[in-house]
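To begin, one chain is listed below as structure tokens, in the form predicted on its own.
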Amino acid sequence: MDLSLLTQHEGCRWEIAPRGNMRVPAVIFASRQLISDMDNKVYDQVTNVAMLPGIVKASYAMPDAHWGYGFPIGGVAAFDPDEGGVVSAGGVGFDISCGVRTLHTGLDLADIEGLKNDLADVLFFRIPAGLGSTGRVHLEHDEMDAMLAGGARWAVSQGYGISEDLLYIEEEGCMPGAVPDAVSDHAKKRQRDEMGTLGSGNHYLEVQRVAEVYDSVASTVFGLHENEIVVSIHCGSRGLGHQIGTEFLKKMAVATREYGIDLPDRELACAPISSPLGQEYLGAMRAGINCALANRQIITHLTREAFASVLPRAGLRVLYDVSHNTCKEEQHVVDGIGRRLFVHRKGATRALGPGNPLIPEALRAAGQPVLIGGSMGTASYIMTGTAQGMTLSFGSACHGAGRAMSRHQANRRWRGRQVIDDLARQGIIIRSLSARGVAEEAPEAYKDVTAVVDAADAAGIARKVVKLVPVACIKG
């Protein structure tokens, strides 16, 4: 990216002043190296979002930002419904409520040292992964609607997990305002046999070790200590979420013209939040969020079963579950005034500051856990939200490493077997159905997650708590 187009501020914050049809500035949180390496398309997209009606304060991009559909991946934007604010399916993304859930295991590295391969095998056998993967849960029409309305709460009621899990899930496991009837029959059909599955692409289940503690106070609140074994689950709403995104983008492309909204890029198709189409999308998207929460809840249950068969001493409990592809109605203070806003986070994690009542009481003093997934074979991080971040970025932070090259480019450069063997020599076990999928997700195909996390920390939008390194990774 051409740095002459931006003004650098302290704390890894770069600003693009309003020009042309921009209603607000654009702000990118990144180190000089990260922003230099960003494609100019990120500049185009973050400034295009700043042109949308009803946008408040600024259009933001996180340190892991890269090119996406309409909005950059790593994009954050808040809209005021009372000022003609819009909702955009492209501002949420196709994998609605893709997110990360991290589980304590009650074990340390020494407890699993001789059983890592057995554990990886059982996890791979019990948890379906891969393109079009299906699980043992089959939902008929009424069950599907109950799941879309109830999310993880529905899953717990069906015997997948325990009620205590819900305390540590965003929205306590169920997104209010979901409208199952707003989800098409085709979307529901795609999801009928996909509950409890990881899917493909960058989704994974990873057994990890706490390698380093940066904030001993927050880590104690979160119940984390060095050498502890945790499990992180990264997946979303599978085929249902993708179908919702596809269908509503088409509807919004037509409606944008009908509402007289002038777009700099047709991929930013949107509808006024208060319009019938805007409300219909929000109802369907919230149902998609519940689908993802239920999916991760079922996978949690399957993970517990797998651990119990290999390591009966394990006691898996939820640390936290947070999504990074959503549009959420939230209260924020802007220029000293409380406002009801609809915050789009696309490849960006909600990161509420300490004391926020939406954070589970046991974790509240430290701030909301921010779960940052690394690429396969590299570190992941747990951060925490900050009071400063509530002002700087509507309580939002990065979500992962961010791709540095396309899947096609990665597949041309590496072979899956080569990647698996290289990681094995580092002591990292990979289990996957697809050698091509492993090649596409090679660690070098992503940005340096440590640089991304350090930039978020330096910007003050989140604070590092612990570093996690992979022990075993289950991929699609």
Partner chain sequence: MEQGHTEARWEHFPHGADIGIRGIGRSKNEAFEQAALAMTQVITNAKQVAVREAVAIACQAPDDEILLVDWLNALVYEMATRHMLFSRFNVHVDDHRLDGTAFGEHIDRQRHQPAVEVKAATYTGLSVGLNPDGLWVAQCVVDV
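Just so we're clear, the structure is a prediction, and the values are computed from it rather than from any experiment. Positions refer to the first chain, counted from 1.
The same protein also has a form predicted together with the partner chain, omitted here; what follows describes it.
- Residues of just one listed stretch (275-283, 102-110, 126-134, 205-213) have heavy atoms within 4.5 Å of the partner chain in the predicted complex: 126-134.
- Screening 200, 375, 303, 232 for any heavy atom within 4.5 Å of the partner chain in the predicted complex leaves a single hit, 200.
- With the partner omitted here, the residue from 158, 309, 246, 391 that has a non-hydrogen atom within 4.5 angstroms of the partner chain in the predicted complex is 246.
- Using a 4.5 angstroms limit between non-hydrogen atoms, residue 31 is distant from the partner chain in the predicted complex.
- At the 4.5 Å threshold, heavy atoms of residue 450 stay clear of the partner chain in the predicted complex, well away from it.
- In the predicted complex, residue 193 approaches the partner chain with a heavy atom inside 4.5 Å.
- By the criterion of a heavy atom within 4.5 Å, residue 95 is counted among the residues contacting the partner chain in the predicted complex.
- Proximity of 141, 146 and 332 to the partner chain in the predicted complex is absent: no residue of the three has a non-hydrogen atom within 4.5 angstroms.
- Residues of 241-274 that come within 4.5 Å of the partner chain in the predicted complex, judged by any heavy atom, are 242, 243, 246, 249, 250, 253, 254, 266, 267 in sequence order.
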